[in-house]
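The same protein chain appears twice below, in two forms, each given on its own as C-alpha cells and labelled structure 1 and structure 2.
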Structure 1
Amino acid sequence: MRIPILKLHNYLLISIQTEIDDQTAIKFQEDLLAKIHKTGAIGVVIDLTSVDIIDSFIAKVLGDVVSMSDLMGARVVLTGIQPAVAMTLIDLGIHLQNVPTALDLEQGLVKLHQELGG
C-alpha cells in the first residue's frame, strides 16, 4: 500500500486515508523525501484527519520525517490530529515538540504560507 503525495505549486499535500502499518509508514517516509528532492518543494502538509491511531512507532516516523524534510529545506505541518489521538500521544509521553501543527489542511497551508513568506 502506498500513500499518495500531491504537488501544488511549491507545496506537497498528503492526506492519509488508511490505517497505517509499519511498512506503509516507512515507505511513505522514503517516498516523501524523494519527492521533496525531485520537486524542490518548500512546504509539506500532512493531513491526519482520518487517522484514528498513532502509536509510538508511527509517531517516531512522523517526527523523523519532519526533521528530515527540514534538513532538506522543506517545512512540514501536521494537520487534523484527532482529539482521541492527541490524548493517547500525551499518555505515551510523546509531545512532537518541534513539529508544527494546524487544525486542518487549509489552515496548514495558510501557516506554511505565512512562515515561508510567499
Structure 2
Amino acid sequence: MRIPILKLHNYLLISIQTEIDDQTAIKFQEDLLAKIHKTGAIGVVIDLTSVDIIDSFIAKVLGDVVSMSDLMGARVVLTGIQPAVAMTLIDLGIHLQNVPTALDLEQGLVKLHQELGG
C-alpha cells in the first residue's frame, strides 16, 4: 500500500488514513523524499489523526522523515498526534522538540505558513 502525497502550491500534504506496516513506512519515506526533490516543496504537513498507535520502527521512520525532509529544505509540521502516539515517541526517545505541531490539517497549513515566514 502506498500513502498518497498531495501537492498544494509549494507544500506537500500527507494524511495517513490507516495503520502502517514497516514496508509501507519505508516506501513512504522514499516517496516523500523523492517528491520533495522533484517538486522543490518547502513545506510538508503530515496528518496522523487516523493513527492510533505506532511501534518503535514506525516511530523511528517518522523521526527520520522529519530530519531528512529538513535536510532537503522542507519544513515539516505534524498534525493530529494521538495521545498513545505521543507517549510512544517520547518513550522511545524520539523527541521532536523543534517540529511544529497542530491539532488538524487546516491548522497545520496555517502553522506551516507561519513557520516559513508567510
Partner chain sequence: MNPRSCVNIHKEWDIVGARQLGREMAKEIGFGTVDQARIATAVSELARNIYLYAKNGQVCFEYIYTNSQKGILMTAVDTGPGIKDISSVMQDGYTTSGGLGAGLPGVKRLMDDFDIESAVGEGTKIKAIKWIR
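Nothing here was measured: the structure is a model prediction, and the numbers come from that model. All residue numbers here follow the sequence of structure 1, with the first residue given the number 1. For clarity, a rigid core is taken as the largest C-alpha set superposing within 1.5 Å between two forms.
Looking at both structures, it is structure 2 that matches the form predicted alone.
In the core-superposed comparison between structures 1 and 2, the C-alpha atom of N98 has shifted by at least 2 angstroms.
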